[in-house]
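Only one chain is given next, in structure tokens, and it is the form predicted alone.
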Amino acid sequence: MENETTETRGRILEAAAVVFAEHGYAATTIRMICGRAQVNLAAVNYHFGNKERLYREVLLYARSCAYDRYPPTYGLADGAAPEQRLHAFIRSFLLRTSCDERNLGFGTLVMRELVEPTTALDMLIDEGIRIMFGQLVDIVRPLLGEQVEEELVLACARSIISQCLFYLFSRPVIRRMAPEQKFNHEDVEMITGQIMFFSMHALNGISESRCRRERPHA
């Protein structure tokens, strides 16, 4: 009985993730989710209570699945160089928000929540986005050199994450302008390389500029 209950709960979460990603929170109904999960309304009420609670659980569940499959370190050993960590961070971010069906539409769920916020946005920020951005800041800081201003570190981190987000928010436009781009693993590797190339040149340029300003005149 317990296994059956757990299986039903998981089926509802997976079905709800897909439906919420396809239609958004406002347009999704419990009946739509029940139809996809092949359960009755009572099952949703029993496991989650209402649509809002189900949606919050879906965000947590989809995020957990995406992060388990593509963690920010992407298998790097402790003590990896900052440049390796940055590459792993960008690559895993793109993979988590890619079109991989096993991600349960996590990228689309996040995109919809940022564009049309619900009561779950604060939870998403406090329990996920804030932590993820802090990891990126810790990677960027040593790449800029010693005694760097924190505001500069934050600005550079925002610039890097904005490149990653571009490929999430602009995916419909990119697909129309470049139909050959499928956002599969091969495309992710190429995009990761592009973002790394651009970002490392920018970070190195900023670091060198700071050194020149601080170097005493002969």
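Model, not experiment: these values are computed from the prediction. We number the residues from 1 along the sequence you see.
Another form, the form predicted together with the DNA, is not on view; read the next lines as being about it.
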**Prompt:** Which among 48-56, 65-73, 172-180, 155-163 is in contact with the DNA in the model of the complex, heavy atoms within 4.5 angstroms?
**Reply:** 48-56
**Request:** Answer with one of Ile30, Leu168, Ile191, Leu60: the residue that has a non-hydrogen atom within 4.5 Å of the DNA in the model of the complex.
**Result:** Ile30
**Prompt:** Can you check whether Asn40 is within 4.5 Å of the DNA in the model of the complex, heavy atom basis?
**Reply:** yes
